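Two forms of a single protein chain come next, each set out by itself as structure tokens; they are called structure 1 and structure 2.
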Structure 1
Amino acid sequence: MKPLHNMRAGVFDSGVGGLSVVKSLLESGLFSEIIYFGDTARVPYGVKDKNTIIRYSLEALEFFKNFDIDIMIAACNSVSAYAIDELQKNSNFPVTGVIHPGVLAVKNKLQDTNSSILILGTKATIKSQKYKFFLEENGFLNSFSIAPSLFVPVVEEGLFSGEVLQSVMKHYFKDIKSDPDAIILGCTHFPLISDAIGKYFPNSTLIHSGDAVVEYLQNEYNLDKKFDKTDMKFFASENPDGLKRVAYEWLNLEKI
């Protein structure tokens, strides 16, 4: 793949969750500008079917064509699972999701292909089996998947710790007998409860999409950490002010 000629990224997510990927991108200094589009009017994608996810993703692509972006990053795992090929086919800039980078991060961190890997994601992401497929392509045959559907609403309710989160984790994790070697946080919301998941499985390595994407972009496109400051532009299909409020908080941005 040819190297990028300049440093403007379009980041697409179904809602605000993709800001957890933006956070890593901002810290990385790889881009001079990031244009974020959250499809907040139609969030969540994780319960929708393949054709709907592809259709919505192609609409987002049309939006990004209004800007001179160098790369489009689908921060949403459900988009990454179903729409990357379609997005790539219909654009003249590279498009990357978070699944391939996530699997490469597992490979870099664990080496031993006998490692046990727990994939956490939305129903749509898990159903696609894309993580499992890429892991197997890289020799990791010992993976298993859970779609903890209540994690997203629990995070959106701000319950990053406490009794509700504990009972929800217990509900989904009750059959797991020992800590997996790695846990893929395969949904943009899950990094917000990574502390609680890490305490539940103290011996597991957690894989974060944002960090994985930064590592991937550095390796794949030879990008350097050369920008001290990244300009941010935020767009949303509904309530852009709400998105900006969350962004200021999560990303510690100055008021735009």
Structure 2
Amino acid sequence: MKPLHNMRAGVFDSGVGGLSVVKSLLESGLFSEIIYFGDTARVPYGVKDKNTIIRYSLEALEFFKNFDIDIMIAACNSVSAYAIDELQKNSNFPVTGVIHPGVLAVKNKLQDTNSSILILGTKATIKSQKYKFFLEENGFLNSFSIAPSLFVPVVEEGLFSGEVLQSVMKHYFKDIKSDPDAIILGCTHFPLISDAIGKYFPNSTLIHSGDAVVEYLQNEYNLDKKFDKTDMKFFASENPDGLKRVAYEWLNLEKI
């Protein structure tokens, strides 16, 4: 892909979590416009079966075919785990997920392949074992996984800090005796609570899907910062005003 006068990206997620990827894309200046679609009527995807995730993903692809986009980013780890091949086969523009970028980010940040790596993801993502497979392919054999499913509704409610989030973290992390060397935030909802996770594990390196995707796009497609301003369009299958409210808060956008 070569940089054009305008570069438009479509970003797809099951809900608001993909906004964490959008935040990194906005800061990167790689795109003149970003079109975001959150399938909020059917969130979360992480508890659904493979065929359902693929079907929902292909429906999202049809939505983006209404726009003149240059690339589609599946900012959903469950989609990245199960549907990327189908999306790529049915699209006339590049489609990338977040799992490969995340593993490449681990490789770039951790020099010791014996490092302990905690993978946080939805049930579907963890069940796919895609992170574990690609980590082992790159020599990282010391990984373990947790599926903190309650993180998704907590983020969807906009509870990025506070007692509820603290209680949920204690519930899932109580058996972890020492800080992992790295934590893969293997669901795009999780970077929205990365500050809280970072305080819980102060000695761990957090691998953020959004930052990993930016690095991947720059390397894979030879993209560089080009645009001082990125226009945003938000769409949702249900309650678009709720999605926009989270977007304005998380992305520090002026309300339009």
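Counting starts at 1 and follows the sequence of structure 1. By rigid core we mean the largest C-alpha set that fits within 1.5 Å across both forms. Source: prediction; values computed, not measured.
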Between structure 1 and structure 2, the form predicted on its own: 2
Of 173, 104, 159, 147, the position at the hinge that separates the two rigid parts moving between structure 1 and structure 2: 104
Rotation (degrees) of the lesser rigid unit against the larger between structure 1 and structure 2: 11
Core-referenced Cα shift (Å), residue 153, between structure 1 and structure 2: 2.9
Core-fitted comparison between structure 1 and structure 2 - CA shift at residue 167, Å: 4.1
